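Presented below, as structure tokens, is a lone chain in the form predicted on its own.
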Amino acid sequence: MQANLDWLNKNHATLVKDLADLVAVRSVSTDGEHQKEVEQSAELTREQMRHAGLQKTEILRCNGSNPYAYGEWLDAPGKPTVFLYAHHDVQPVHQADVDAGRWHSDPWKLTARDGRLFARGSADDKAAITAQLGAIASFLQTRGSLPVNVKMLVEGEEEVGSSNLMGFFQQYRDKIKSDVIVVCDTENIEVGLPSITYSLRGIVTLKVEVESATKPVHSGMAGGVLADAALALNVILAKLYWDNGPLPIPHYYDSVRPLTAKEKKTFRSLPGSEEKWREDLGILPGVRFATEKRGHPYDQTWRKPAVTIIAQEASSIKGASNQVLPRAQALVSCRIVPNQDPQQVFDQVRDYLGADPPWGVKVKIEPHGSFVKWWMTDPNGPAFEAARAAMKASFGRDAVAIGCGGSIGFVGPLADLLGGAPALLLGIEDPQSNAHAPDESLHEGDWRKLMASLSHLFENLGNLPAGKVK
């Protein structure tokens, strides 16, 4: 392994340049205006795969999807096959954030500052592409072979919900057949502490539309007579306010899997403090946590359901006039946990919000996008032990098993499709990464350790007796 680690150290500047080349491509998938760049990003990823030594690199598609870059190396007979996932599409950069100075360097130019690498996509998720390819190259450039078989897929529409991904997996089932899944799109709970994520919340999003009239009316003529749709919508949404208790939706917690005493003890043994959480989240002075009374942030974000208003529209402030508004709408995002059923959650929230609307306004509530199921696994077994040993060798600390409040919807279905393949979700971000936000960044030291960890992981998996990963 020392030759691999030496290669990674010697070629670190080249790997940084590879990442810089990737983030320079504005592969924004969310606005439909950067399709050329998304295509360019996939081609560049494919070229970097080829340069690292992967074989049969190609661009794949499914049902008119954005491009997927794929490459493989399958010359280790009898050894496990590792499926590596990352994505090359990114969130947009809003000009208002640039103009306001919230980006402290060019968001499309990888910039080193204070031990971190800043750029859109630096952490989410282009650094994962480079880390995986760096680990692969560390073997192929020093030994000429890998200790495992590798299949690597880099998606181009993760930031828009991966609507074609499960269809892709079905279409290319034989091509992607593997024994272990490795995803580097989660976080370490703090810088320097390697983390393996074993649970993810799911998502159910509802679109709530309120209508009170067929047209807007001058507020001097109709104010106080015509029901204000915007105000009615906010009355409806305010029903979700939970103060510091459980969400007030009837029977919402009936199926929520309780935390075990062991899980509670483990969560409370992890690092974290109110001061640090407030700083990481940017909470203003005087604003209290919204957690349940005596609730812990890890309990709340990893294993408790949550509801967030992620968008609301009635009219724009810039174009406002003195009118009573006849229509308003909002998106309500529900993060769901084991063992909640997505359809049941939708039905419960719909019925609760739609009951007894103010002034009798018309309320329409529909699903917005596809439901994403929660996922949870047992973080034990040969593959997980191989990952823990790999991360300890690189970070010098025992890895911790953590939950994640976010969602990666394909993990559970893909693991099932591959016959219960262990899914290893290894951290690449950290609480300061600001994924999806201004000044997105990657901790360069942890990134280097992740590359070394992946190299150790390949070696450890290749050494498993009879290649048994579970």
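Predicted model, so just to flag it, every value in this text is computed and none were measured. One-based numbering along the sequence shown.
One more form of this protein should be noted, the form predicted in complex with a small molecule, which is absent from this view; the next part is about it.
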Note to self: To verify the annotation, which of these, 212, 81, 186, 394, has a non-hydrogen atom within 4.5 Å of the small molecule in the model of the complex?
What the structure shows: 186
Check: Which pick from 228, 155, 124, 72 sits with a heavy atom within 4.5 Å of the small molecule in the model of the complex?
Finding: 124
Notebook entry, point to check: Should residue 407 be classed as touching the small molecule in the model of the complex when contacts are defined as heavy atoms within 4.5 Å?
Noted result: yes
Next item on the list: Classify residue 436 as contacting or not contacting the small molecule in the model of the complex by the rule of any non-hydrogen atom within 4.5 angstroms, answering yes or no.
Entry: yes
Note to self: Is residue 120 part of the interface with the small molecule in the model of the complex - any heavy atom within 4.5 Å?
What the structure shows: no
Item checked: 4.5 Å heavy atom contact, residue 161 and the small molecule in the model of the complex -> yes
Item checked: Partner-facing stretch of 109-117, 127-135, 186-194, 218-226, counted where any non-hydrogen atom is within 4.5 angstroms of the small molecule in the model of the complex -> 186-194
Next item on the list: For the three residues 146, 418 and 459, verify that every one has a non-hydrogen atom within 4.5 Å of the small molecule in the model of the complex; reply yes or no.
Entry: no
